[in-house]
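Taking the form predicted alone, here's one chain by itself in structure tokens.
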Amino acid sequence: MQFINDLNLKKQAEELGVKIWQTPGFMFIIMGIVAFIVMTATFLISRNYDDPKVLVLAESIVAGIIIIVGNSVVRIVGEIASVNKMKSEFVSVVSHQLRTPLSAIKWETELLLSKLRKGLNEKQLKNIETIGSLSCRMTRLVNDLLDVTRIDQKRLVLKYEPVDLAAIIEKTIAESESLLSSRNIELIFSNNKKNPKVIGDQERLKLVVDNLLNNAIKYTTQKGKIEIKLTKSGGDLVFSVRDNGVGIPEEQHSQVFSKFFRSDNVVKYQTEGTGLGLYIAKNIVEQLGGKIWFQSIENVGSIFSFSLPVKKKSFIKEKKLFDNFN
């Protein structure tokens, strides 16, 4: 199936933003055709001519053709890589520039609501709250774009320290209470109080849990149910969030953790979203030495899970030695 997808030249051209004849698949086909032709020509020449000069000339021509075609492939791949790098750098620069004004808007709206609330009428309060909400959404989008750029450039730096995953989950649930209440969704958190800590980055793991829980809430219809479980399995701690929402079509399962992916059926229920959350979550979990996976049936629901290694004594000893050294 992957081989067939690689030969889908139209799809490749659309994804890479190039013409069909510039796609890697097209160049692969050309290389195959050229290799077949030159090998056949060499065979015919060697069978009909015994003169070493003729054979040397034929082989020289073959080598020249392969070099020319190979150079074209390398040049096109280099151009695509260069454009991709420029795109990443552009996104990074723009995102950094947007963070400052967005932070200013957030602080100003919070100041207005905290200091001048009594002097504002209902309409003014609603408008300021809307501005604050939109600035928070934009800030999250900017942060997602920055994280994606760091991931693509292998520059996402994570901490490795003992983290209480249960506390992160409880905090995320508390922050989502108003949204759960407005959608009349029941949430159950099953947790063994004796669960150990995991090795990870507290801030980034909060982002992972937040992404998975928000997706479950957004794509669960009114009066739905969400269940979160935290269990120990071998040397790992496993987080799972289950919903009875819209689910994901089976034919799109392979794309779930791709950048900008949003399944066809969710657009009908939720127009907001960039499709970056699961891509970021996957890369964070895997960089921390864990695994992430899911099960989903359309119109039945989804279960998203990830596992992380638990705290190890050897890690604590190494950390103490390092602290003593400092």
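In this text, residue numbers run from 1 along the sequence as written. Just so it is clear, the structure is predicted and the values come from calculations on it, not from any experiment.
Keep in mind that the form predicted together with a small molecule is not shown, yet the notes after this line are about it.
- Proximity to the small molecule in the model of the complex, taken as heavy atoms within 4.5 Å, picks out 243-251 from the listed stretches 119-127, 149-157, 165-173, 243-251.
- Highlighted residues 219, 275 and 304: every one comes within 4.5 Å of the small molecule in the model of the complex, counting any heavy atom.
- Among residues of the shown chain, residue 266 is one whose heavy atoms approach the small molecule to within 4.5 Å in the model of the complex.
- Although the partner is absent here, residue 293 is not a contact residue: none of its heavy atoms lies within 4.5 angstroms of the small molecule in the model of the complex.
- The small molecule is not drawn, but in the model of the complex it has a heavy atom within 4.5 Å of residue 211.
- For residue 28, no non-hydrogen atom is located within 4.5 Å of the small molecule in the model of the complex, even though that partner is not displayed.
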